[in-house]
Each structure stands twice: as structure tokens, then as C-alpha cells.
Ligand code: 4NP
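Consider the single chain below, provided in C-alpha cells and representing the form predicted alone.
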């Protein structure tokens, strides 16, 4: 089984969307997809209502997900760790114990052929359009990821 972890800051906006999108593209029992946040601000909380709504608009249900914090044990549990931005990358890599841990961590937008796209923007302080933009970016990136893992 291939195990994939999506990581953002609070695990209520971007990574729950990425988890739901990738799960829809890899619906096989051969994959386990989860998400986490580098911070502990929202542990146990459902995704942001705006993430739930934009997912629902695209026929995905992420309302059952609950936020959790990334832990060192995630390096052992997951084959691939996709982060949403450079800050998440640094926070995850700081916890790495060795090069094998670091090798698992990639920025999700690195899978798109657009050098302008570096970070998935955090829509938390944005309006609904920001959540739609994030959905579209993640949908494109997850399509490429689903073909490469």
C-alpha cells in the first residue's frame, strides 16, 4: 500500500482539500491518503467551512476529516509527504531524522510545470474565491501526483 500525507499549517484549509482531491483520483485500496498540519491550532476540528463548501461544489465530501498535527512518526508511516508551501517544507524537514525522511518531502506545486507557482496560497484570511483558486491549483497538482506515485 502506498501511503501519502498532505501537509499545511493548520490542517483545516489546504491539506484537507488536497487529501480529498487526491483520494478522489486514487480511489483504490492500494492507497492511503491523510493530511496534517505543522501547527496544533485546530487539532480535532473539521475543515474550514469554506473548504468543505468548495469541495462539495466539486462533488467531494471532506466534512468527516479532523485536523491533526504532523509528528516525527509520520516519516515512518508515509511514503510521500506533500507540503503546501515553503514554510511547511521547512517545518517538516526540521523534524527529519535523516536523509531518507527528507527525501519523502516535496512541495506539491513542484509537480506543475509553472515556475511562477511556488506556494499554494493560504486562503484562511481570504474570501470564497481564494478557496476556489486553491482547489483548482490542488486539483491540477493532484492529477499529476496521481500519475507519478
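Numbering follows the first chain given and starts at 1. The structure presented is a predicted model; accordingly, all values stated were derived computationally and were not measured.
Keep in mind that the form predicted together with this ligand is missing from the display, and what follows is about it.
Colleague: Tell me which stretch of 52-60, 90-98, 109-117, 34-42 has a heavy atom within 4.5 angstroms of this ligand in the predicted bound form.
Modeller: Heavy atoms within 4.5 Å of this ligand in the predicted bound form occur in 34-42.
Colleague: Spell out, yes or no, whether the shortest heavy atom distance between residue 8 and this ligand in the predicted bound form is within 4.5 Å.
Modeller: The answer is yes: residue 8 has a heavy atom within 4.5 Å of this ligand.
Colleague: Can any non-hydrogen atom of residue 12 be found within 4.5 angstroms of this ligand in the predicted bound form?
Modeller: Close contact exists here: in the predicted bound form, residue 12 approaches this ligand to within 4.5 Å, heavy atoms only.
Colleague: At a 4.5 angstroms cut-off on non-hydrogen atoms, which residues of 123-138 are near this ligand in the predicted bound form? List them in order.
Modeller: Residues within 4.5 Å: 123, 124.
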